[in-house]
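Shown below, as structure tokens, is a lone chain in the form predicted alone; questions about how it binds or moves come after it.
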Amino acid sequence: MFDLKKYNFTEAETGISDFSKLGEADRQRLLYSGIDVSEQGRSGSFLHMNHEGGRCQSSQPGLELMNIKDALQRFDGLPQYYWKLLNPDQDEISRSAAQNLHGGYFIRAKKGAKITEPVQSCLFIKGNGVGQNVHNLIIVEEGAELNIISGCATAEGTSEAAHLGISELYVEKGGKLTFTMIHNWGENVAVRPRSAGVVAAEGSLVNNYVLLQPVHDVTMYPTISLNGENAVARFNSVIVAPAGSYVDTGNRLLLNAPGTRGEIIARTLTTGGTIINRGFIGGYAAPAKGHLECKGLVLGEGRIHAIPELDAKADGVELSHEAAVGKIAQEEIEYLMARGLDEGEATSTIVRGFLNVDIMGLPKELQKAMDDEIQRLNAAGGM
């Protein structure tokens, strides 16, 4: 049972002004959550630690990047966007974030702007017992293009922490958003995001989620509504749950306009933890197409529960799904062993192929970091 009273939402170590003030161990933690502390190849950087925002820097015309508190003051409360897709009274998580806002990021790509290099945003917790409330807002205006890497992590040695995150995203007509979230929390960290987004006509969203590290529990189920004609969305997830981790996650996609298309692709692997893998595609206008694919791999003990759902309410909607959960087939291992690999090497090769993050279109340096992390887990015997 998640108990908000266990965590300190009023007092914590103050934020830091830039990445250079982090120690080497914390920098490494951020690296494996997709954050480049050198800020090379980034169009902007945002850092929020505990209850305060620190680093906030934008280097490209057409990109607005600031703390959500500053954006609310500057833009008269952001009445068109703030708390429009989610209800602040929905549950205790939402109420906590609404009543005691610590910060979060506001990122906007102005009309027609092509933000070629990724914006990186880091939500960081340092210290034991810290509870963090953030509200994030992303706006891609008409014809703009934006790529965001959102890294969420705890400092070395942090335990008994909680992250409550509200996120709302808007992709306007013809806009393109690639959003990659990488979680690197900790064995005793509870994570409760609440997210929703809308995509307008001719807009596109690619949403990537990566979880390779232990976490106490994560519960999230974002909803994206394709509300304009020919809008497109694709979700890619790669999730690993070692012993002690409980991950209840998935995506909900609503095809609300003619010509919309959506795809949800999930790769999950348990080495002892529990994964509840949800996926929902609703087709409510025609023509529309959607595909849902949930594949899980069990190594040793652990549990994967796949829950795919399709709901069609209009003639001319085409929805499909594939779901498969199981262990590595012995004949696959034997095939590779016959070609010179030992059993451990054969297993690692199969796992690396299964957890292939090439599908996500990540920047090269982040792709390498993810590959290195999968290799490190193999070497450590985590797979």
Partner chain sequence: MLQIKDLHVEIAGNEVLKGVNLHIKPGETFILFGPNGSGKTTLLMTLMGFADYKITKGSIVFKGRDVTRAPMYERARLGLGMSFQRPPTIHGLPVRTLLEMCAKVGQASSSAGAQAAEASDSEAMDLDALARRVNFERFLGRDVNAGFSGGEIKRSEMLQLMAQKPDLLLFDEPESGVDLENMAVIGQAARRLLGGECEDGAEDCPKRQTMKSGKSGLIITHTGYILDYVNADRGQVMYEGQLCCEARPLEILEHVRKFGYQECLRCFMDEKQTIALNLPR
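On a predicted model such as this, the values are computed, not experimentally measured, just so you know. Residue numbers count along the first chain shown, from 1.
Although it is not shown, the form predicted in complex with the partner chain is what the next lines describe.
Taking the partner from elsewhere, Ala323 is found to have every heavy atom lying beyond 4.5 Å of the partner chain in the predicted bound form.
Contact check for Thr349: a heavy atom falls within 4.5 Å of the partner chain in the predicted bound form. The closest non-hydrogen atom of Asp315 lies beyond 4.5 Å of the partner chain in the predicted bound form. Among residues of the shown chain, Gly353 is one whose heavy atoms approach the partner chain to within 4.5 Å in the predicted bound form. Only one of 46 to 54, 32 to 40, 61 to 69, 336 to 344 lies within 4.5 Å of the partner chain in the predicted bound form by heavy atoms, and it is 336 to 344. Contacts to the partner chain in the predicted bound form (heavy atom within 4.5 Å) from stretch 258 to 294: none.
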